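In the form predicted on its own, a lone chain appears below as structure tokens.
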């Protein structure tokens, strides 16, 4: 387990501010946040590339705060891969074993095994400048894993890749995590990556952690407006909450009243994810506690899905499949009904 206690470091332009956090053994953990939030700096503090101004870092109950990276048992994959330009793929991957003075035959066996695992055996004698982005990334991963680290740290490993290669490597990361039984900590600003990969996520803002949780907790139950905005909770509405019936909370937005299963009193923000809202041409019988009549104000064609803005007193965004959109014969100005459950309404 990795344990971070009250960790702080001020670089003047960036700052890590009194962060405390625990990352479990064999967990896939993602630091998520916008540029300048301190994600990479925190990763480098964990790696040992910087000494903190205050606080401690523990790995497996050992204080490693002032140990250099090579003493921590971590592998690091940089955003720009950082491959040695004058070394071949084989030599790059073998580098860690060469430093540890392993026998040449053993190095050959272990490197070839990893190259085969990553499907880059035919690139053995190539230099980095002749490789595609995906090939460079696989080489960098193999170089990091050849030393059998306890923890693999990755800084924006997919940011420079095209969509197809990125999707392939997401599957690769899942396979690595399972096969090597390793703790992975990844930095990204892309919440789609985090959603597909993470066991848990920490949202960072200006060097502080805004929220830590599972993907479901982060995306469906953001704890503040910054997190809600960042993870794409497009329906964020202010209101006043009071106790309702059946243990529910009623939020009066000034235009409509929305029921939530969460208990809050007073001034609140509420969020409803677009995919949790159902639409119908008629007022159907439903178990949903929130039913509103409105009209379609805007339609956005996003290719595989259609996004609608519906005015029900408040403007709410929802998404439909292209087939559902066509079947319902929807158009701007059409009156429709929307439904969503009280459990879909998050309050903070």
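Numbering follows the first chain given and starts at 1. In this text, all values refer to a predicted model and were calculated from it rather than measured experimentally.
Form predicted in complex with a further copy of the same chain: not shown, discussed below.
Chemist: Are all three residues 243, 263 and 316 in contact with a further copy of the same chain in the model of the complex, where contact means a non-hydrogen atom within 4.5 Å?
Modeler: Spot residues vs a further copy of the same chain: no contact at all.
Chemist: Which of these stretches, 206 to 214, 255 to 263, 268 to 276, 112 to 120, has heavy atoms within 4.5 Å of a further copy of the same chain in the model of the complex?
Modeler: The contacting stretch here is 268 to 276.
Chemist: Using a 4.5 angstroms cut-off on non-hydrogen atoms, would residue 175 count as touching a further copy of the same chain in the model of the complex?
Modeler: No.
Chemist: Applying a 4.5 Å heavy atom distance criterion, does residue 312 contact a further copy of the same chain in the model of the complex?
Modeler: Residue 312 lies outside the contact set for a further copy of the same chain.
Chemist: Residue 102 versus a further copy of the same chain, in the model of the complex: is there a non-hydrogen atom within 4.5 Å?
Modeler: Heavy-atom contact with a further copy of the same chain at 4.5 Å: absent for residue 102.
Chemist: Can residue 293 be called a contact residue for a further copy of the same chain in the model of the complex at 4.5 Å between heavy atoms?
Modeler: Because no heavy atom of residue 293 falls inside 4.5 Å of a further copy of the same chain in the model of the complex, the answer is no.
Chemist: Listed by sequence position, which residues of 189 to 223 have a non-hydrogen atom within 4.5 angstroms of a further copy of the same chain in the model of the complex?
Modeler: Contacts from 189 to 223: 192, 195, 196, 216, 219, 220.
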